[in-house]
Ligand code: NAD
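The chain that follows stands alone, in the form predicted alone, written as structure tokens.
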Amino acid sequence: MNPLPNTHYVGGVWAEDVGPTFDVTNPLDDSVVAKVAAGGRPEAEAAVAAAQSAFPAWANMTPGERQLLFLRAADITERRHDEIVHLLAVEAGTGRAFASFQVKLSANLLRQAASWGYLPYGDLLRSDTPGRMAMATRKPLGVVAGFTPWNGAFFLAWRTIVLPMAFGNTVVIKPSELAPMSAGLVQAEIFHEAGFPPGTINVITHAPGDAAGIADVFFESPHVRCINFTGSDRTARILGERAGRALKRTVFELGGYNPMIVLEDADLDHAARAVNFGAFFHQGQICMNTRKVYVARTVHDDFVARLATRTAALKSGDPLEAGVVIGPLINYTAVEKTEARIHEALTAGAKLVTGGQRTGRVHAPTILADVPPGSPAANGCDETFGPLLVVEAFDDPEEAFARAQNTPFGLSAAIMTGDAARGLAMAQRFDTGIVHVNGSTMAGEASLPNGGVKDSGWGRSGHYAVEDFTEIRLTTVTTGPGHYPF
């Protein structure tokens, strides 16, 4: 690793004077993983200036030149697989399987993005004016300011960086203070080694509670053209309001209360595997985790028994240990919220199917049934963001569909059925950005247009992000004498 991986990366240079620092701790045992630079407004101003300076050359670089850089970065990412898996475990409590998946998915994203420079970048349009040729061409926005999250830190940071850069923008990244290395600094190291031009990527870290000064620079600077945020809808409302006042574009991927409907003709063992994975992947700390399952009453008990057996068998503990699926929650605030939701539901009359206990920050995967509709664990208005799943029986599929839709979120949904045509018909009616028929709510790929609607945000990943990170320029050429009314 770079000799100063704990400091700011601005204009292709690692800051030599680290200055004030803050502790990044292991969520398993609170041990100090690293002391990271605590930046603020001055560092953010320098980063934006560096990104703006680098923008013209990067925007005009040939597709082949950019392609070579992205391919190098993909190779470096794979080469550093073991190091990154370890970093994700100690900084974000990420299990080996999920960490390894993030590394592979990130390398895949980089290789796919390497080809996006060759996508068609405009249209030749017909004009009603004789002798006029019209062209609509895409051009990059400029500087994109990215806020990267701690959950899925490595891949989501790459997505925040790669999508705008692949279409000619430069970026300034503010990673979460809970995972600044996994969610920004290691990406800067990889791009530095790959030879990306100075200023095309810049990373500023900050201590807990000190994000405001950096955000102020993003909103005040005329060079920052877009705010690219992955996180909670509560924070997005604040950012969106400020972006509106500053007339800046926003791209938001936010939370989700992702339902699954298990119809009476579903393969119950397959459904139980999909739910077990979807609900408890990364301790339920992913925006696409399954939060609630609606099961046909005729198969409810059978399904719950299969699911409970699988869930109870999940190994919990240190994410560096082989076979551990459930690691620690990111902090005690997350632990307290999970415990409060479970306690509230049980007090209101819910049934504990499995789980409910914890050791330190490692909370057992928990399934609740018969949860009263008004309980916070089941009302669909706020993510628990922990290893908690609610199972609910239904008699009428239309009733289940209506209940599944009764949420302000609209990220992912899933339907389990033995009749794919029936599932597809129901999928078309879901008001979500993603619907999976006979698959988990957790089923993303680098090339697919993942993203949400309603309170889950807007914007899409893959090459579909061209809509978010470019703007259309109309250019006309008149070859005749021209016609004017006066």
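In this text, residue numbers run from 1 along the sequence as written. A quick note: this is a predicted structure, and the numbers were derived from the prediction, not measured.
Unshown form predicted in complex with nicotinamide-adenine-dinucleotide (NAD); subsequent notes refer to it.
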ask   = Looking at 303, 229, 281, 191, which is the one with a non-hydrogen atom within 4.5 Å of nicotinamide-adenine-dinucleotide (NAD) in the predicted bound form?
value = 229
message = Can you work out which of 151, 221, 200, 384 has a heavy atom no more than 4.5 Å from nicotinamide-adenine-dinucleotide (NAD) in the predicted bound form?
response = 151
ask   = Picking from 206-214, 263-271, 391-399, 75-83, which part of the chain touches nicotinamide-adenine-dinucleotide (NAD) in the predicted bound form when contact means heavy atoms within 4.5 Å?
value = 206-214
ask   = Should residue 235 be counted as a contact of nicotinamide-adenine-dinucleotide (NAD) in the predicted bound form, where contact means heavy atoms within 4.5 Å?
value = yes
query = Counting only non-hydrogen atoms and a 4.5 angstroms cut-off, does residue 180 reach nicotinamide-adenine-dinucleotide (NAD) in the predicted bound form?
reply = no
message = Considering non-hydrogen atoms and a 4.5 Å limit, does nicotinamide-adenine-dinucleotide (NAD) approach residue 140 in the predicted bound form?
response = no
message = Is residue 147 part of the interface with nicotinamide-adenine-dinucleotide (NAD) in the predicted bound form - any heavy atom within 4.5 Å?
response = yes
task = Taking only heavy atoms into account, state which residues of 296-323 are within 4.5 Å of nicotinamide-adenine-dinucleotide (NAD) in the predicted bound form, ordered by sequence.
result = none
